[in-house]
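Let's start with one chain on its own, the form predicted on its own, as structure tokens.
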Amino acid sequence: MAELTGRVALVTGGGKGIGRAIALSLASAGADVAVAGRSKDALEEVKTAIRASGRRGEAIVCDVTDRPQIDAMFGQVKSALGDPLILVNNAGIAASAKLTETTDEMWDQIMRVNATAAFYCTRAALPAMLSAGWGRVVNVASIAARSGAAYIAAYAASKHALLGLTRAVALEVVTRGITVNAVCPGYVDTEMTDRSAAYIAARTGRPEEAARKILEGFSPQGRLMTAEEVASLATYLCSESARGITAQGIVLDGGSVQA
């Protein structure tokens, strides 16, 4: 598939896990892809893989909670590849705590990375999309954007905010050739889920493998989703075939959260 040939994409949190998979999937669909994040080595590895696929790639170290760095990032993407008319807001963090143990610092950090950063990046990307009369924004949210759970108040609030941002911006630009959607996966087989399993093991005394089984059990399919599944969905949402899909939070969790 080369439906995205000639398009330029920017993926935040693109050095590993879901972001890496999305970047490589977009490249396989023909897009030139810039990846941004905090780990230079990981980003450079993804850039090399993108270029090995025959597409142009760029790696940018950026703290997406810092607006001046975001402005510089968009300038670098434009200079190296052109205006990114595809934006994937994937950068995210997670933490678990009782509400009474959730500190101001934890709340603020999770909200800034998971919600405010997407606001900054989307606001920076929209002018070029509006000028071109075409654009795709995909926000990587979570099933926590669609339902709550104990001990993740800050995380769930941030992902609900991201889904609200998705829906509002989508309707603001709905007649301008731009779609804005959120992908809402359940637990995905990534390092972040490994850390969640380790946290459960530490708090409960269970072996990590048993803790991992708990996370797998949240899906009726009894498994973790894969980064490649999330990437395929995100890439589809960037295609012309998906031009009628906008303002949606699409769940990918094996059937746990229903409509």
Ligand code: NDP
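Predicted model, so just to flag it, every value in this text is computed and none were measured. Residue positions are given as counts along the sequence shown, with the first one as 1.
As for the form predicted in complex with the ligand, it is not shown, yet the points below apply to it.
Although the partner is absent here, C238 sits far enough away that none of its heavy atoms falls within 4.5 Å of the ligand in the predicted complex. Interface membership of P84, defined by any non-hydrogen atom within 4.5 Å of the ligand in the predicted complex, is ruled out. Contact annotation for G37: at least one heavy atom lies within 4.5 Å of the ligand in the predicted complex. Proximity of T226 to the ligand in the predicted complex: non-hydrogen atoms within 4.5 Å are absent; the residue sits far from the partner. Picking from 170 to 178, 98 to 106, 122 to 130, 184 to 192 the stretch near the ligand in the predicted complex, with a 4.5 Å limit on heavy atoms, gives 184 to 192. With the partner omitted here, the residue from D63, E216, E45, E208 that has a non-hydrogen atom within 4.5 angstroms of the ligand in the predicted complex is D63.
For the candidate spot formed by G13, A91 and V140, every residue has a non-hydrogen atom within 4.5 angstroms of the ligand in the predicted complex.
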